[in-house]
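Form predicted on its own, single chain, as structure tokens, below.
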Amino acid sequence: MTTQIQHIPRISVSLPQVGNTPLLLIRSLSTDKVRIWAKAEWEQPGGSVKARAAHAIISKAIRSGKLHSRNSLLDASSGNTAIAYATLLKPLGWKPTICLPSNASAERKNILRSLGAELILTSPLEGTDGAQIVAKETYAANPDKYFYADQYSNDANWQAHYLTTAEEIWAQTKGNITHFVAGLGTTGTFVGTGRRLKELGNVQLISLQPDHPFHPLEGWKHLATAHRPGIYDDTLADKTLVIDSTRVFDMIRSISIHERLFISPSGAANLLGALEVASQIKEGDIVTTLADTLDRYQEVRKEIFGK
């Protein structure tokens, strides 16, 4: 599979800037010789890592003429990419149409509605796989009305991380990164960041998956039972770890106490994966991402903290 890409060109409309997020040392999980670092991806427009892919997808679509003021961006999402789309498009006065599983958190639905997004709620039993089917059917029924972004198969998704996330990590670690660890959802973060890091140095890539299909990690895929994203490259990972989802809440609680950070379930799962890698090596710098905060998971927060 070729990894040659073109830099996304400048466009004639102004979008909020993305990227350049801090790299945090997770001191409570690190030792003198094995350090765990995490990108604070909530410090972006829309409050999540998905700002990177959304910005690249929108920029490319506007430049090509596929997205304009007379149609609507259409996509399936578990929530964060949808919020990023809506946040970036709002200054233009454009509103996306989002196919969203009906069991997405109430906070995500409320944010999307406040940003003007049109929601098409889909089966809670089929997750984002079902939402993708509805999005494709919606586009097929009225192709002139929509630009179908298809984040799961859109190369701009992984290219955004190839061009930004990986370069930031390499610079912030001064090239000392030894392992990159990330969960698989659309797979854009892992594929794009991993490809570029492999080119920059001898970096081990560890992908993470949930332990069963009905897991609590919004945005992640259990690839053994889910539709495989078109952008996924199954030759890229040096190792894949399965995350015990029953340990996620304990990690959220621990990080809140020791790091003063309220991270989301997916961020906690990434740290569990990083911690597993740390237990297997004698020295190194392990980097992962924290996609968003616990603010979008009030039910989870209430269960853990009682408020």
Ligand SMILES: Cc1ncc(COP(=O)(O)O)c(C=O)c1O
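Residues carry their position along the shown sequence, with the first being 1. These numbers were taken from a predicted model, which means no experiment stands behind them.
Below: the form predicted together with the ligand, not depicted.
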item	value
In the predicted bound form, the one of Gln159, Thr87, Asn80, Thr122 near the ligand [non-hydrogen atom within 4.5 angstroms]	Asn80
Options 218-226, 204-212, 112-120, 163-171; stretch whose heavy atom lies within 4.5 Å of the ligand in the predicted bound form	218-226
The ligand contact at Gly188 in the predicted bound form, heavy atom, 4.5 Å	yes
Close approach of Gly194 to the ligand in the predicted bound form, 4.5 Å, heavy atom	no
Partner contact for Leu74 in the predicted bound form: the ligand, 4.5 angstroms, heavy atom	no
4.5 Å heavy atom contact, Leu184 and the ligand in the predicted bound form	yes
Residues in 275-306 close to the ligand in the predicted bound form, defined by a heavy atom within 4.5 Å, in order	Ala291, Asp292, Tyr297
